[in-house]
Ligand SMILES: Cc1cc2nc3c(=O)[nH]c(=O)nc-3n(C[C@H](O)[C@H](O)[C@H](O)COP(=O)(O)OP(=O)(O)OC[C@H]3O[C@@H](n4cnc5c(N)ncnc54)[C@H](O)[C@@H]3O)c2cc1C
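Take a look at this one chain, the form predicted alone, written out in structure tokens.
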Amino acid sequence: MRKPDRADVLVIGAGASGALVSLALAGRGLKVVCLDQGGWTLPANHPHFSRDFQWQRQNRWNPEPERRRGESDYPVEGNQSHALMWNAIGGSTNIFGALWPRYRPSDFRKGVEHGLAPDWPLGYADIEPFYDESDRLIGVSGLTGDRALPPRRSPYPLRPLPMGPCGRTIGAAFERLGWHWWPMPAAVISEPYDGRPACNACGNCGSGCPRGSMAKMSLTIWPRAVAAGTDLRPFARVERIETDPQGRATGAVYIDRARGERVFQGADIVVLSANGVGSPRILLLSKSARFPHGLANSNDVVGRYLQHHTLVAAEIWTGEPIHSHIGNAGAVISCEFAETDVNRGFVNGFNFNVARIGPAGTEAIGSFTNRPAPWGSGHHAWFRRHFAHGFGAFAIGDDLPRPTSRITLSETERDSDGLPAARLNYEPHENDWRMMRFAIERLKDLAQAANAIDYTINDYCDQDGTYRTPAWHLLGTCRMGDDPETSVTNRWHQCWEVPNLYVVDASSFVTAGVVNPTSTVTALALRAARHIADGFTELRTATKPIMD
């Protein structure tokens, strides 16, 4: 087995978290090696340059690995939910929507609020400066002043993206209802920034951004991280994290998929950033005599408390054209129902992400609700009435964490290197069902307020009654906390049982919140990197987690 020179820090996973951790640590002079099982997703790889780009989005560019079956993917067994994963340098930022809202202060204290979920071991004030730092590094466009959030310490780096007639129509509908709304902040640059061109409003955000106008980490952060000295190794599939007799991580064994050989990369500190499915999978694969249930898992918490966000959606069409095929994906955000009001019959709340429907092919196949345009003699009439007239509304709910919703290892499926696949099991809490029933009625209110000529709803269940949530975020499977019995890491992402092992990605989330998680993922990554860099000398030999 080949053994390269030892690193100060080994980062596993080159997505948003891994990119920012690598940049921050290499920038502090540490020797950083980062491994990712995928390669580079080059601009020319994106479907934008093909005539059938929308068909490709449903096939080779599908965000679900089970449908995409890419060369670097691994199977995810279980069909209860979607799993948005892109296994490559930059991770899922190659294909995400780059919506960039922050979590609210109440998202961190559900234990105090209702007790059906625990509090985070940190609060909004602990993360706020790192939110600001992430916004500047990545380039975030937005309008300061949203009263659903605390006042910002600094304005958005870039002015908001154009609302256009689509955004103005949506905003007017919310005004008629008397509901909160605000332009959606996005990691999509509205003007040239950091050598990247401004968004050209092509409308194909669903296939990522080959220009780098969206925050695709392979074009935004990774060039800087490599220039700072990070040794980034693509096509490196991690097989297991190794430990010494004292239970400290010593590095990882990975399969060099380009050379077809196994390699052991040693390191003083290991940072696991492989997403809410991949991180628990690697910990479970790393079982040993000392850790028979998987690494850092003597309390059987690794893989548990999977959250996706509950979600229902509507496609809403107006009588007048609103040019909804032009512009970035996000248009409007509403926190009208984000806070708990027990008079509604449930705890927690949901957020409206209201978005443009997109190009013609996306419209024809049913972008938000999987209701395709009718084929045959009525197709052209339907299309003339609907195309560029519609918008989509997601009601994204804060699902309650459940120990039975979890990631385990498959007993039957293997990846292309023979490693056990991940098995996903997810079931919503009864509270989540009640919340989404309420949300469906509010989507109908929104359609009416928009003077809709047509609308359709996407519910939790398929037509045959089979449950399958359309939500896709992967949260909570290596949760942080203050109690080693009920969490995997402490507030700094440091594993209780393996003090030089950190889990830094959305698997560390305690609750899901009601908004897209990537802004919080990147802020937490920068916070964890600061902790590691500041305490590196002590951490490299620590025998227990650092609590201050």
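These numbers come from a predicted model, not from an experiment. The numbering used is simple: start at 1 and walk along the sequence shown.
In what follows, reference is made to the form predicted together with this ligand, a form of this protein that is not presented.
Here the chain stands by itself, but in the model of the complex one stretch of 40-48, 510-518, 25-33, 482-490, 510-518, has heavy atoms within 4.5 Å of this ligand. Using a 4.5 Å cut-off to this ligand in the model of the complex, each of G97, N275 and A506 places a heavy atom inside that distance. Only one of R248, R423, R237, K444 comes within 4.5 Å of this ligand in the model of the complex through a heavy atom, and that residue is R237. A heavy atom within 4.5 Å of this ligand in the model of the complex is found for exactly one of W317, Y74, F346, Y131: Y74.
In the model of the complex, this ligand sits within 4.5 Å of a heavy atom belonging to S92. By the criterion of a heavy atom within 4.5 Å, S405 is excluded from the residues contacting this ligand in the model of the complex. In the model of the complex, none of the heavy atoms of C209 sits within 4.5 Å of a heavy atom of this ligand. Of the heavy atoms in V21, none are within 4.5 Å of this ligand in the model of the complex. Counting a residue when any of its non-hydrogen atoms is within 4.5 Å of this ligand in the model of the complex, there are no hits in 176-206.
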